[in-house]
Structure formats: structure tokens, C-alpha cells
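Heads up, what comes next is one protein chain in two forms, each shown on its own as C-alpha cells, labelled structure 1 and structure 2.
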Structure 1
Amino acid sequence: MTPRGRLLFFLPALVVLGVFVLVPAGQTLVGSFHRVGPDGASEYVGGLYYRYAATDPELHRAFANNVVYFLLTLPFEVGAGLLLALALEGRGRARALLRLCFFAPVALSMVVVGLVFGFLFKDGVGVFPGLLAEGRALLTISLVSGWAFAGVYMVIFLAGLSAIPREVEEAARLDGAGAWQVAWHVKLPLLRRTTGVALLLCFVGAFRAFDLFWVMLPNQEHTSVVATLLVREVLQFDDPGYGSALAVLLSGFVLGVLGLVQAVRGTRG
């Protein structure tokens, strides 16, 4: 196998990634420092849009919503997933069937999930009206998100649990520990790595959130998150400058936190 042949088969993946992700990401970074006028001419404006972002109350509210959404989805997704995993680990037909049920929403598009619950909670005609009103919508959407994703975290924790040797649990049982004590004092500490992964996934998911908010709260200005704010900006205005700045801020924040976690993990070995 020649090195040249290897390079030839390596390139297509790099080209696709470059053209459809890296180049437009670079353009977004550059575009956040430029203003496009009505005549299509682009002009350098420095940190104008970032200064605007720093004082944009709508953006601050949206970002705060992302933070609250993260804190709410933690128990509804990760917490519920952990409890389900602890309750459903092990053999048995009934348990396998229940696992199948709880994990099933993973197959559904968030659009389907959003529409189903949107109908159920619709003001006026819905079965449980009023749940998407301002002030309640964030909690409601977090619960729906928990409905959709708790099964994913359950599966992740189940994988972590299956890596714990049986002897550990048996030894604790022989010492007289009950099921809850074993779960809390023995299994949970051993699941530290898995829990870290789950927290990270939940964090990234919360700050990338878009589909549920867009579908469940159509044409509503309240309860925006950064991504819905950004898409509205893109769809409404011809000048991509401010949208680009929002994109850079959001991406920078997510990448920054991921990098920080990676660095901390590295120093801990």
C-alpha cells in the first residue's frame, strides 16, 4: 500500500468535513466582524456586534434560559436515567421489555415529540392546556426532554453498571448492606466516569437545544434559547453579522467548557 494511495482514500472525508463544516464555520467567525449592507458590500466593523450582544437583554434572557434548561434537564434526563438503570439492570424478560419501552423515544424525531406534546398542551383545545404559557414553558419543555432522553441516559448508565464486577456488590451484600445502600455507597462511586460523560452530554444538549423550543412554541417571543434566537435572526434579517456573532459566542462557550473539562481530566490523569 503506497502512502499516496492512503492519502487518496483519506481525502474525501476531509473534503466533505471542510466544505460543509469547517469553511462555513470560518466564514461565520469572519462574518461576525463584518456588516453586509443592502447593496451586498461587506464592511469591517470590528467588535460592533459583540458589543451589541453584551447589552442585548433578549440574548441574556435566552442564555439564562439555556442555563435553567440545563439545570432542569439534569434531574429529568440524567437523574431519571440513573434511577431507571439501577432499577432495571440485570436479567429477566420483564426488565428487558421495560428497558425497551423507556429507551423507545430515542427513535423519534424531536419534531414528532414536540408536535405530540404541543397538541396535548395546546391552549384552548389541548388535554392539559396552559402548560406552555410564559413562565411555565421552560419547565414543561424540560419534562418533555426528560421523557425523550431519560432512556438514553439509562442505557449509558446500564453500560457503566455492567462493568462493575459482581463480586463488589456481593461483598457489600454479605456485609449487610441493603439495595439502596449498595446503590448509593458502592455503585454510584464506581460510576464516576460514566456520570461525567452523562453530565457532559446533558450540558452540550442543553446549550444546543433547538427543535423542541421551535416546534412547541411557534411564533412566540417568550422563552427563547440562544439557538432559536439565532435562527430567528437568520430568517428575519439579511445582515448575517449579528447572527454570526451569536453563533461564535455560543460555539465558543460550548467549546470552551468542553476544552476546560478535557484539561481538568488531563491533569487528573
Structure 2
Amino acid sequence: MTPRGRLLFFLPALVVLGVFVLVPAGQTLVGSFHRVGPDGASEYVGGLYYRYAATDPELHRAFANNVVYFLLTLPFEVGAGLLLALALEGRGRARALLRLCFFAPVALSMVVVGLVFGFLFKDGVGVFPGLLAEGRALLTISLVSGWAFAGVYMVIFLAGLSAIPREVEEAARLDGAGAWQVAWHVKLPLLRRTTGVALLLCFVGAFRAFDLFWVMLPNQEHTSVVATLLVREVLQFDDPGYGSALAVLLSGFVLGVLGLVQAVRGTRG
């Protein structure tokens, strides 16, 4: 096949990437250097919004909430997914049914999940009132997120477990290792790359979190994350310039961390 023919196969994907990713990203970057006045006129302000972001206490608090949310979702999503994968590894109708049940919440819209759990935790009418109060909200949302996404990590770890040679496990069992000894000393070390992928996915998910926070905590600024803060800047305070700057900073931070991790992996071979 000629190079031109190969390019035709990539052309649809390149068009979609350009229209839905690169063009909006470019518009956001340009918008972060402009202020839109009440009359709709755009004024170039340079790095004004970025300088303000450096000293914005609300942004610092929102970023800290993202970090705490990430640390909380590690056990509730990745840890729970790993335990489910170890428990439900193998064949059998019962295990297949349980895997389906644990994966089912992934098919639900996070807006629907947020509305349902938000009603359950609502003060005065909910079955479990008070769980969305200040000091508990991040933990509660992390638990809800774990319920929704642990099944995704279960599938990821099941794929990693399926790639482990059966001979290695059989050799460990012949040496007298029990089920949990095999899991700890054999399976977990061989799941190192899979675990790394899961941790990166959890990190990205924690810093792009929006739905649950926006639906379950619509009026609690103390539990804002960066995504809800930038949307509030655009919709509530009618400041698309600062919202665009926050989007650029958030994207840059996530991409920077991913690039750093990739560079470290490259140096280790």
C-alpha cells in the first residue's frame, strides 16, 4: 500500500481529532489571554488570569480537594478493583455473574448516580443524612466513585491476571504456597505494569472529576474541585477568560505529570 493510501486510513481519525480536540483546545488557550466585556467585546489581557491564578485561594483549595480526592479513590477504586479481580479470577457461571454485577454501575450516567446518592444523603429527607456536610463530603463522594468505577479496575486487573503464565502459579503451589501467598508473592509483582496503568487512570480521573461534585454538591464551595470551579467561573461569574486559564492550567498539570511518569519509565527501560 502506498503512503498516500495509508494516510487515507488515518484521515477520518485526524479530522475528528482536529475538530473535537485540537480546535477547541486552541480556542481555550487563546481565550485564556482575553477578557470578554459585558458587551461581548474581547480584550487582550496577556497573562493576567495566570498571575491571578497563582494567588487565588479558591483555586488552591480546589486543587487540594483534587489531590485528596485522588488519594481517597486509590483504595476505593483501584484497591477494591484489585481485590475483586483476585477474588473473581477464573471460570464459572457464578463468578461471571458477579463480575457482571460489579461492572454494571459503569454503564450508568454519573449524573444519574449523583442524583440518586445525593437524594439518599440529603439532609431532612435522605436515608443517610449529613454525609455531604463539610469534612465528610470528599470521603462520601470518593465512596460513591468507588462504587461506580471499581468494576473498571476489576476488568483491567483481570486482563493482567489472565496474562500471567499458569506454570508460575502451579510452581508456587507445589512449593506449598497458599492462595493469598500466591497472590502476594507471585501475582502482585507480575501485575506491576497493570497496576501502573490503573494508577495513572485513577490520577487522570481524579483531576477530571466533575459530574458527581457538580450534582451532589451544587452549593458547597468548600468542596469544589478545579473542574467545577472553572465551570462556575464561566457560568455563574460570566468570566470565560479565567475559566479558560483554569482549563489550560489543569490540562497542563495532568499532561505534565503523565509526561514525567513516561520519562521516568523510559529511563528505567
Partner chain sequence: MAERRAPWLTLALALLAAVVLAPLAWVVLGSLKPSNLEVFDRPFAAPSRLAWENYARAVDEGHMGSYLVNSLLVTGLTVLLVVVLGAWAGHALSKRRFPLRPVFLALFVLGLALPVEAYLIHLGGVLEALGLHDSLWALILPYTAQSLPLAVLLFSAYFTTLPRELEEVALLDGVSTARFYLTILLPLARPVVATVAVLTALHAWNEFLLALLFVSDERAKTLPVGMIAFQQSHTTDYPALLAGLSLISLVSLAGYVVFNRQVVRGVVEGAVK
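All residue numbers here refer to structure 1's sequence, counted from 1. Under this definition, the rigid core comprises the largest set of C-alpha atoms superposing within 1.5 Å between the forms. Quick caveat: nothing in here was measured; it's all calculated off a predicted structure.
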Just one question: which structure is the form predicted on its own?
2
Is the shift of Ala41 between the two structures large enough to count as movement, that is, does its C-alpha move by 2 Å or more after the core is superposed?
yes
Taking the rigid core as the reference frame, is the Cα of Asp239 displaced by 2 Å or more between the two structures?
yes
Any CA movement of 2 Å or more for Pro12 between the two structures, core superposed?
yes
